[in-house]
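Given next, in structure tokens, is a single chain: the form predicted on its own.
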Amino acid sequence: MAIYDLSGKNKYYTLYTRIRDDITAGRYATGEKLPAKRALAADLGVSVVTVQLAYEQLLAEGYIFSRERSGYYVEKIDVCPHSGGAPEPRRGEQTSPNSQYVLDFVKGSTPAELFPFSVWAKLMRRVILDCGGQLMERVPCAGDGVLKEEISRYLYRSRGITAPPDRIVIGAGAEYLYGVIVQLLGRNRLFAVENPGYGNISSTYMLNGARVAPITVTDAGISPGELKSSGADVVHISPAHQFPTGVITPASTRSQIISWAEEAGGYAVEDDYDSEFRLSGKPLHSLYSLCPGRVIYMNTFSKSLAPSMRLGYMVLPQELMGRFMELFSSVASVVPLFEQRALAEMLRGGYFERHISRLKSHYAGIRRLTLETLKSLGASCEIFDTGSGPHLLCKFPQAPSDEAIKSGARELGVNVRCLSDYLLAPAAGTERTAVINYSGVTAEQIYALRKKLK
């Protein structure tokens, strides 16, 4: 492998683009093994985490594949000798090397037919008529006051969270807000992240110049002991439903995290990414409600409406809200007022909650069909499902490896990833476990898979 120049700030992304471009240019043969992470990190003078993140991005986009206990290998890619390399990936976009899957348990986008197009069109027309020329005005840095009022009311109705509108910040999606958090807290902070976890979280923090420390996720959420010993002073967690393990953080662990934050003078970022889709029982008590002074609560509308709707929000402690205004008061909001007002109308008129109710009914049906299909596999499959969001785990104890699970799924026309694909650092207990993300799946696709299994 070539020795790449990674002297710039975004080392992980630079390494990813260099390897990707070499693969698409045909400089690596199909099936060629990439260097081991530690060996490449030593050769390039970077951390193992940097190489791991680059390989994860390549794996996610289908440029390479993994073999358990063996390493990473180059996928078969059609080479275009006259191209200048592959196009830059969009943040957060999950792509697949094969569009002919019968069933995709990775993509995770809500089926387009479930989006309330007619309602959204009606609300946009209403906003144009009611607001007129006001839509051309500059939007304050923290977002439109009308939308913040409606989000405040919605959080109280749906989650029991008391969030004053003047402590809410509107942003262009989760990754944008992660970057704002780094600027608020400082790049000198060490950010603890869940391991296994959603790779975009750690990679975005690193792209913004912060350091990250992976903390093992156990059956009781992240390890408080490991968090304390890590030296981190910020932790990013999803206590209501961790991705990809599905673990719900119990009250005892939550209290220990709060105690750690208060003692260390640190902060917890509560990422409530799919809290609307708890399919059994009531919504869980938020970490923010336990300690508003040490918790940054955040959520987006990507899961509930569409990934293309780059609109999210966070609720800041009073101290950090003051810091935000110091840093950003001269900057306009990055989200157009038109979209903010339309969403405000959706929340105000009850349209959003009716949409969520329909989605939950849809997911409940898909979950039932998915569980029935997995249970038909018999003892070869052990299911872990908390009913807290549109994904679950399926362990195959007799499978020879994670790659064998994914390869067998591909033969059936199914795209799936394993827990090991989301590791930032080695962690025990993640072997032979598939992540079944059914949020982008239809009943017809599940029935098509059942026919293949007969």
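Predicted model, so just to flag it, every value in this text is computed and none were measured. Just count from 1 along the sequence shown to find any residue number.
Below: the form predicted in complex with another copy of the chain, not depicted.
Of the candidate stretches 154-162, 372-380, 126-134, 237-245, only 126-134 contains residues with a heavy atom within 4.5 Å of another copy of the chain in the predicted complex. In the predicted complex, no heavy atom of residue 368 sits within 4.5 Å of another copy of the chain. Within 4.5 Å of some heavy atom of another copy of the chain in the predicted complex lies at least one heavy atom of residue 327. In the predicted complex, another copy of the chain sits beyond 4.5 Å of every heavy atom of residue 388. For residue 53, a non-hydrogen atom is located within 4.5 Å of another copy of the chain in the predicted complex, even though that partner is not displayed.
When you look in the predicted complex, the only residue of 144, 233, 175, 226 with a non-hydrogen atom within 4.5 Å of another copy of the chain is 175. Between the options 350, 250, 71, 209, the residue in contact with another copy of the chain in the predicted complex by a heavy atom within 4.5 angstroms is 209.
Taking another copy of the chain as it sits in the predicted complex, the stretch 11-26 comes within 4.5 angstroms of it through a non-hydrogen atom at 11, 12. Cα of residue 49 to Cα of residue 187: at least 3 Å longer in the predicted complex than in the shown structure. Note: the CA-CA distance for residue 54 and residue 222 expands in the predicted complex relative to this form, by 3 angstroms or more.
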